[in-house]
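Only one chain is shown below, in structure tokens, and it's the form predicted alone.
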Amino acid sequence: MTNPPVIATTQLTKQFGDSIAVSQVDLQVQSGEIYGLIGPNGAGKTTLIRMLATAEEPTLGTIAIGGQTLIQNQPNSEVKRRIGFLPDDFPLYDDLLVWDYLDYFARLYYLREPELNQRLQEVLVLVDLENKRDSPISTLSRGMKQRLSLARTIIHQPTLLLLDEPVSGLDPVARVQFRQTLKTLQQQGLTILISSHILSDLEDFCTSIGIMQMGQLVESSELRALYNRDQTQQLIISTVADLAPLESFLQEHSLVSECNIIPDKHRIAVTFTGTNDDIVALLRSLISANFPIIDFHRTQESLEEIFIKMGYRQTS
């Protein structure tokens, strides 16, 4: 028997007055995934995440977390214990020390000694703040504060992590550190849903991607499937010899639709419509024809390029 999805929604809808913020969303996130939720500001990402976190009641539809359906107007305590929720505006208490801040939230989740002390040390190591345990929060950098917020979010060892724009406003180094921490959490078994309106924030580590527009989930797919959806391959081929004979040879190939010489780098960019096996066969044919190939590799389009092709655009 297969395990149920960690997140499963059916026709999930949220309406504020005459405005529909989320419209009939059917979403499934499997165990162990890092699911990236992408869309412009105002697309409904935050409202969707708040409903998943039980911070907002749906107008219509259902939510199941780990196979257990959330019941409206009920505490749903058992489900809430499985969830860690980091909103984009959660306040920190600048006058507290890092250790005292985490200790406070751990006790709210009924952690007690000796597990309490051990868990606080674990999360500080995880977010690389063990050397700041006795520092006032007011002295931390923005990136450190965000990592501290993440530590607070996972202090009770949830199985589902919901993150709303967590790297917004962070510098490049802090963003890399935060993403690396999320990869570690995934390796530890957490399922993560993270939102962003910037595609490049997510393509490095997400396993699946969903895109929202005007309250609707208009695309949801494994990242690998998105990359493989277009059968066109982009190849870069370099040789130490004259490029003209190589270009002529490639143009005669039935699966080559376009060749473009890049003279300053002495290479050819090839648009290829074959499979991986066809690419291998192409390379063998070049070697058999005695072309002195020094580089042969496939390039991968970015998420932004893929979504633009699909008719979507990221916005800042």
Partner chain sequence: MTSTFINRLGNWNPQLLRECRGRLKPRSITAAVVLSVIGQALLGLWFSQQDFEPVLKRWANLAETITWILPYVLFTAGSYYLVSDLNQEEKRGTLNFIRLSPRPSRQILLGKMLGVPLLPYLAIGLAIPLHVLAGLKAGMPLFFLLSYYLLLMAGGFFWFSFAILYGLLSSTRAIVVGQQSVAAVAFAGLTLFVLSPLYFAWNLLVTWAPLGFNAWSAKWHPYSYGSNSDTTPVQWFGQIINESAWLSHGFTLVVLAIATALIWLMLVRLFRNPGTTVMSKWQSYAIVAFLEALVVGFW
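Residue numbers count along the first chain shown, from 1. Computed from a predicted model, the values in this text were never measured in an experiment.
What comes next is about the form predicted together with the partner chain, which is not displayed.
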Any non-hydrogen atom of residue 172 within 4.5 angstroms of the partner chain in the predicted bound form: no
Contact flag, residue 205 vs the partner chain in the predicted bound form, heavy atom cut 4.5 Å: no
Contact flag, residue 219 vs the partner chain in the predicted bound form, heavy atom cut 4.5 Å: no
Interface membership of residue 92, the partner chain in the predicted bound form, 4.5 Å heavy atom rule: yes
The partner chain in the predicted bound form: contacting segment from 164-172, 188-196, 96-104, 208-216, heavy atom within 4.5 Å: 96-104
Non-hydrogen atom within 4.5 Å of the partner chain in the predicted bound form for each of 74, 81 and 152: yes
Answer option from 241, 236, 225, 108, heavy atom within 4.5 Å of the partner chain in the predicted bound form: 108
Interface residue in the predicted bound form among 57, 26, 258, 278, criterion: non-hydrogen atom within 4.5 angstroms of the partner chain: 57
